[in-house]
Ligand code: UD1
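Quick setup: one chain, the form predicted alone, written in structure tokens, and binding and motion questions come after.
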């Protein structure tokens, strides 16, 4: 079935209503661009022949989708949806199978919906619509007896504007018939564009059967400005979090939590309010992420506890039963099982072994002004509070670093290291320094 279907994605629009220098379809929700949401779901639905119509911003868009095999069609001038589809004629105009037309700014359509549209389109055309409580701006689907038409909102009468059955823009049908019909579409007098919605008048005239397929409005939303993007992102977050809840994840005050699309979260994980889980986060079972924590590109093994108010950055791995406490920042580091970094520390470019204790206020001084250097801390090491470890440096197994030390030389196994000025006491000296 899928081999007899090609998909054409329209993504050439300038997106001026986004008020952004970035191409519209590259705006993100849930950590992934709109165009990648569409492309990924096409691939997941089994479609292999994917064509995409691009405009002036094709370079930026192609650079962002280079990991997916697509065939690119360039539309020189944006003269409406019908013109965008017509630009694909020389590539797929002679294709005898089904053509599914999608849009690059509809990121919420599910792969299951794509499959249903294709499956229900046989020798007919499938017009995809939805029922809206607020249909303003959408084309309305008009059905009278056997005739089906779509009236653009700007051309609709007051009576037609009361209709809440709306056209999503998606159409699936015989490819050759679609391109044949496009030749009959004339330029719209009001917009100066070739509107694809006029195809239905011609299909009725030549007595081609049209089926109306309806799906939830929340799947078929088009994004034309930042406000709509924010709304779509909120809907996607609800979908992502519902999926995690179904899989045994506890979300405390879920509306305050933000989770990227590719987060992998195990059973019995608890996520407290105001947590951000960014790109490529893996939380294994029984992890607890406490409030106000920010985590990205991080693997956290089972039974860890992180936060509150911690930041874990890219390329970090936490072993089992690790404790990361308040106001701790970690990046590009590997932390061994049962290690504790409980308070006010910065750990960067480091490898820390098992059962180590990193005292409050300890930092790894990993940057010398030119290079990032490694700190390696062994197993069962105790680092006292307020220490500075100047990389590159190695702290051996079972060693002890005294509080307040600045360590610039390696510490061997079982050694004790202290590096701080000797305390002095001046008897009765308070009044010499403070006027009371």
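Residue numbers count along the first chain shown, from 1. None of these values were measured; they are calculated from a predicted model.
From this point on, the text means the form predicted in complex with the ligand, which you will not see here.
For the residues 79, 229, 344, 142, the 4.5 Å heavy atom test against the ligand in the predicted bound form is passed only by 79. Only one of 317, 224, 121, 337 lies close to the ligand in the predicted bound form, with a heavy atom inside 4.5 Å, and it is 224.
Exactly one of the stretches 235-243, 281-289, 360-368, 101-109 approaches the ligand in the predicted bound form with heavy atoms within 4.5 Å, and it is 101-109. A residue is said to contact a partner when one of its heavy atoms sits within 4.5 Å of a partner heavy atom; residue 298 fails this definition for the ligand in the predicted bound form, lying far away. Residue contact check for residue 75: one or more of its heavy atoms lie within 4.5 Å of the ligand in the predicted bound form. The ligand in the predicted bound form comes within 4.5 Å of no heavy atom belonging to residue 125. The ligand in the predicted bound form is approached by residue 195, whose closest heavy atom lies within 4.5 angstroms of it.
In the predicted bound form, the residues of 144-180 lying within 4.5 Å of the ligand by at least one heavy atom are, in order, 150, 152, 167, 168, 169.
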